[in-house]
Structures are given as structure tokens and as C-alpha cells.
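To begin, one chain is listed below as C-alpha cells, in the form predicted on its own.
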Amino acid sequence: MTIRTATINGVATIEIARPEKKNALTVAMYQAMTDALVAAREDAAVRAVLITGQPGVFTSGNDIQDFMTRAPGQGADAMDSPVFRFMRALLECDKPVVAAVTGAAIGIGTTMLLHCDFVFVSDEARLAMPFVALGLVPEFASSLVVPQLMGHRRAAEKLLTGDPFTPAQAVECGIASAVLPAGEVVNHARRVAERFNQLPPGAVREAKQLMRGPQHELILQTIRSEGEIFARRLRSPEAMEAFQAFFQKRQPDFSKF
């Protein structure tokens, strides 16, 4: 089992549990997370959602081999793929979502945090959005939200170079709420999630809707636009070179492009 779920004391936990592959996400795992988010939204006993990983790793992003063989198509087909269904389910979750980032958060491991309400990161975490380095483009509305959070220049550093950044930098630029010792992250995040057992659930849902409402449609539109380009770039010569270099454990050569 690569996605573990449980509901305890009003908190629906989604645990990414594939440590032997650094919690790399497969299409099946995206579907399992989508199902868990939908179930949490529909369950009146659930007051908050907690997303976490394994000690030392939140998720290393997409499982490239699985993603290349089962990558989303273009147009309407892409938007109905498990990856984009997960994006929409997280975006539309009307209950508080708390992320406990227990280690490396790469690619969508970072961009999904943009759509969580609370993000607590381990002092051992490393975050990165290396889409361009793979011949791709940003996804999950990160091309919109990241510049809004930190301004164009710092966003360019994160999205165009893809260089890793520290937990403290994640807090400084608004991606994370706080940095905690590695052994305390999950328990702290759970305590925050459990606070919503004492708050009126209807008011919480409507407050969250008001906070996200003004740009909800813009985020969806950005996800669709990014998705179209992302799907096309997956099949580009630049991406093919980047993926071959990854599997061959060498530096990609983009000099011929």
C-alpha cells in the first residue's frame, strides 16, 4: 500500500508511504489521494485533513517512469486524468488541510503545499520546483501563486532555475507556516488539525471559501493552461533528453536545442 488513510479524532490522515522510492507518486497514488480527499469532504465527522509522508521524505515528486508511460494526454482528457483530479480535489476541499512536510518535497511535493492551509516543515526538509530543468513548465497554478507569494524575482529563482531552498526560506516566502525539529512535525501538525474539533465547522468552511473565493476560478484556469503546455512539453525533445539523462544518471545536454 503506497497511500495510507485513517480518520482519528476528526482528522482524516493521508500518508504517502512509499519510502523505498522516496515517496515518488504514481498515477494510482494520485487516484488514492483524490478518493481520500473526496471522502473526507463528504464525511461530517471529519473536521480537518492531514497530509504527511515518511521520516526524511514528504515526496520526491512524480515517479518519472510511471508518469511517462501513463502521462496525461491533452485537452479534456488531460483534465480528467488522476493527476488533475487530485489537484482539483485538494483545491476544492472545504475543510482545513494541514501538511506535515517530513523531509524532501520536490516538484508537486512543493506545489501541493500552495493549496494547503497550514504547512509545517521539518528542519531537515529540502524543497524544490525543478520543472524547467526537466524540460517542463510549472504546474498546480504555481506559475500564478508563487509570484503572488514572493514577487517576480524570487519566484523566478524558484521556478526558472529550480534550485532547492531551505525550510526557513519556505517560511520567509510564504509557502510554509513554521519550521520544527524533524521529530515534532507530524505531532504538531496533528494538534493543529485537531483544534478544528472545537470550532464551528460551518463557519470554518465558509471562512475558507471566502479566503479562496476571489481567485478560485483564476487558479482553475491557470491549472488548465499549465496542463496543456505541460502535456505538450512532456513529449518535447528537451524533456526526452532530461528524462534519459535522469535514468542514465548523467547531466542532460541541452546544447543542441
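Residue positions are given as counts along the sequence shown, with the first one as 1. Note that the structure is predicted; figures quoted are calculated from it, not measured.
Keep in mind the form predicted in complex with coenzyme A (COA) is missing from the figure; the text below concerns it.
Asks: Spot the stretch among 142-150, 168-176, 101-109, 183-191 with residues whose non-hydrogen atoms come within 4.5 Å of coenzyme A (COA) in the predicted bound form.
Replies: Result of the contact check: 101-109.
Asks: Is it true that Met29, Phe84 and Arg88, all three, sit within 4.5 Å of coenzyme A (COA) in the predicted bound form, judged by heavy atoms?
Replies: Zero of three within 4.5 Å in the predicted bound form.
Asks: May I ask you to check whether Arg233 falls inside a 4.5 Å heavy atom distance of coenzyme A (COA) in the predicted bound form?
Replies: Arg233 lies outside the contact set for coenzyme A (COA).
Asks: Since only the chain is shown here, I'm wondering whether Leu134 would be in contact with coenzyme A (COA) in the predicted bound form (any heavy atom pair within 4.5 Å).
Replies: Yes, Leu134 is a contact residue.
Asks: Does any part of Asn62 reach within 4.5 Å of coenzyme A (COA) in the predicted bound form? Heavy atoms only, please.
Replies: Yes.
Asks: I'd like to know whether Ala24 contacts coenzyme A (COA) in the predicted bound form, with contact meaning heavy atoms within 4.5 angstroms.
Replies: So Ala24 counts as contacting coenzyme A (COA).
Asks: Output the sequence-ordered list of residues from 236-251 with at least one heavy atom within 4.5 Å of coenzyme A (COA) in the predicted bound form.
Replies: Phe246, Phe247, Lys249 sit within 4.5 Å of the partner.
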